[in-house]
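Given as structure tokens, the chain that follows is alone and in the form predicted alone.
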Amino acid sequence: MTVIAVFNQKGGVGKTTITANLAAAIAKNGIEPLVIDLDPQAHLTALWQRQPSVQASIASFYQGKSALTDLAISLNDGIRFIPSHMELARVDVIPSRQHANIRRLKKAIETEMLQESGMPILIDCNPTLGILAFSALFAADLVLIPVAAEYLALNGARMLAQTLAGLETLAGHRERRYLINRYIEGRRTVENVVEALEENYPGEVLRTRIREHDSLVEAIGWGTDIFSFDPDAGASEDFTYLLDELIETGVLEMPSR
């Protein structure tokens, strides 16, 4: 089992799109992933057209009222999903439970024996560096960092590297991989950013590029993933390559079907 936190402190880099379509790529291979929407804005929950009550969302877990496994629902495309709710935002603003909440998700994954199931777990994180983000990072085996190929991404990558270095003093090393999103081949700015990332983070920038595709935007508009919307699209190929690279480089373990 591998727990992947899809995280970047910079908003608008495509975390939710990456999470949804990587999960779909896994499910397409006959493996049922568990996906957790850990963003109070609940974009992934809205994408998958869910409107849960607080009691049926991940907020209930952080309130100590529900187990993770009790909140997971089955989607039609072979994904298990725990939706979010705006009430989740309270976790970052109530100081009395911060210490417990940072470790809550990791502990639940262990005590509810999700590790033994072998299913990959994907966490769509919020962009705010607070208790929720640290909770996901603390639980993760791999931090997948979507980066939009623009100059501001370099500053965001430096800030994130500092954050993860600080986390490692408490929780040990976390594998991290930078994923270039909204890639436009041949554009000078894009290529300069990619080159700078590869120079600053050798071995941590994935070869796969998620190219700029209208079909990805259209799939989101229809509330679905790219494989369901257009399995022959170039975007489907990109996410297939992404999954293959994560598996082949050993940062994502997949159970036998």
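All residue numbers refer to positions in the sequence shown, first residue = 1. No experiment lies behind these values; they were computed from the predicted model shown.
Below, we refer to the form predicted in complex with a small molecule, which is not included among the displayed structures.
The candidate spot formed by G11, H213 and L216 lies fully in contact with the small molecule in the predicted complex, as each residue has a heavy atom within 4.5 Å of it. Proximity of R174 to the small molecule in the predicted complex falls outside the 4.5 Å heavy atom cutoff. Though the partner is left out of this view, T17 does reach within 4.5 Å of the small molecule in the predicted complex, counting heavy atoms only. Residue contact check for N181: one or more of its heavy atoms lie within 4.5 Å of the small molecule in the predicted complex. Interface residue remark: G118 is not counted as part of the site for the small molecule in the predicted complex, having no heavy atom within 4.5 Å. Exactly one of the stretches 196-204, 226-234, 60-68, 38-46 approaches the small molecule in the predicted complex with heavy atoms within 4.5 Å, and it is 38-46. Checked against the small molecule in the predicted complex, the candidates L34, A27, A56, I220 yield a single residue with a heavy atom inside 4.5 Å, and that residue is I220.
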